[in-house]
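Take a look at this single chain, the form predicted alone, given in structure tokens.
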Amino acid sequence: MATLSLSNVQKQFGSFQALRDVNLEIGSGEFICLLGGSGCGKTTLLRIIAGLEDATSGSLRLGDDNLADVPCHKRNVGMVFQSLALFPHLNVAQNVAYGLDIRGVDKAERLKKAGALLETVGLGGLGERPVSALSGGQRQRVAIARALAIQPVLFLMDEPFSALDAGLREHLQIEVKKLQRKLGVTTIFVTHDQNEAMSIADRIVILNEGRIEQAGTPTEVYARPATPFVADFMGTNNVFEAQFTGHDVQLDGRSLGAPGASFKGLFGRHQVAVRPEYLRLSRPSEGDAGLVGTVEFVRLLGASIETELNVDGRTFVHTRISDSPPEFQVGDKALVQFDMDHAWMIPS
């Protein structure tokens, strides 16, 4: 399989600019998540890759082939829509084999392939069942099997699990990732769910107002956001403007301690972000570096405890593993300290 290359792709709907100079390379066998809020352009980009929309300008190449010259039905792309679009008049096996039927594959051969794929997605023995008799999760698996039956060079999924309950959604995320690894098919998955993208993607492409804000591994976009938008979008961050003196980090004239290794020798005011898990809370003690705040909210999130504090009108969030009951209650005073070795500067 070949690399998919997008160069300066733009899409205009009347006066609305849906995509702006999108440049991206997707390697053979990669699992890419297009992530962003509603209206950011992720589904439009997916539809352009599929051939369901034409780019206003820019180029798409799959290896040496210019996709602009290839109509949708000849791109050999498998796609799972949010609505699934299964055929109610066909049974499960016939739905899976539909693309092969269109391509003129012999009936016995296509039903054999459909049966093998149904086994792969965990629906073996259900080929004769009407799709109306399936659960939501089973229908998702049929749609996935149908898209893969044609042995696509690109496997595209447009928020396929958004209508499912949380438990089933997480289960299917794992199954799709395992299946993708087994088949080695290049996969592009659209989602608005940060946790979903973090759990299944090899790389995450974060879009905002039609532009790519950052593309990187889940670790890269979580631990080192490239823009303020990504820092805010990818989970909770404690963001503040700090004063660097070269040997000390200060907020409103109060010392937060020594700068981390990446900030050594830094001077001036800079936007800094620290994840909630890299804050430390303790009982206030005179002379300690840090900030004293008031606990405003405490909640248990299964495996973790989240504590929200107010420090002179600023809100800071702390999380820790819930291996013991909450140490602080609403109204308590707490000393907030920052692990500056795990902080980073947000580019302006």
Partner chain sequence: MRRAALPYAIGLFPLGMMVLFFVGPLAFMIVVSFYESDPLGFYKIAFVWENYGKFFSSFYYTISLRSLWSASLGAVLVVLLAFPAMYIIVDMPRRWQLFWVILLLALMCLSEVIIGFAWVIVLSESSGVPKFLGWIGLWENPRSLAPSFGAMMIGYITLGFSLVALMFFPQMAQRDRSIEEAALTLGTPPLQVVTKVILPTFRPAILSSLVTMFVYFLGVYVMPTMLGRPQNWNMTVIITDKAVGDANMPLGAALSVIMLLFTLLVIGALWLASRKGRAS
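Numbering follows the first chain given and starts at 1. On a predicted model such as this, the values are computed, not experimentally measured, just so you know.
What follows is about the form predicted together with the partner chain, which we do not show.
Worksheet item: Looking at the partner-bound form in the predicted bound form, is residue 232 within 4.5 Å of the partner chain by any heavy atom?
Response: Outside the cut-off, so no.
Item to complete: Please check if residue 83 has a heavy atom lying within 4.5 Å of any heavy atom of the partner chain in the predicted bound form.
Response: Answer yes; at least one heavy atom of residue 83 falls within 4.5 Å of the partner chain in the predicted bound form.
Worksheet item: Does residue 320 reach the partner chain in the predicted bound form, with heavy atoms at most 4.5 Å apart?
Response: Judged by the heavy-atom cut-off of 4.5 Å, residue 320 is well away from the partner chain in the predicted bound form.
Item to complete: Check whether residue 127 has any heavy atom within 4.5 Å of a heavy atom of the partner chain in the predicted bound form, and answer yes or no.
Response: Flag for residue 127 set to no.
Worksheet item: Of these, 274, 179, 79, 118, which has a heavy atom no more than 4.5 Å from the partner chain in the predicted bound form?
Response: Comparing distances to the partner chain in the predicted bound form, the residue within 4.5 Å is 79.
Worksheet item: Among 89, 269, 247, 171, which has at least one heavy atom within 4.5 Å of the partner chain in the predicted bound form?
Response: Answer to the contact question: 89.
Worksheet item: Just one stretch in 101-109, 159-167, 206-214, 189-197 has heavy atoms within 4.5 Å of the partner chain in the predicted bound form, so which one is it?
Response: That would be 101-109.
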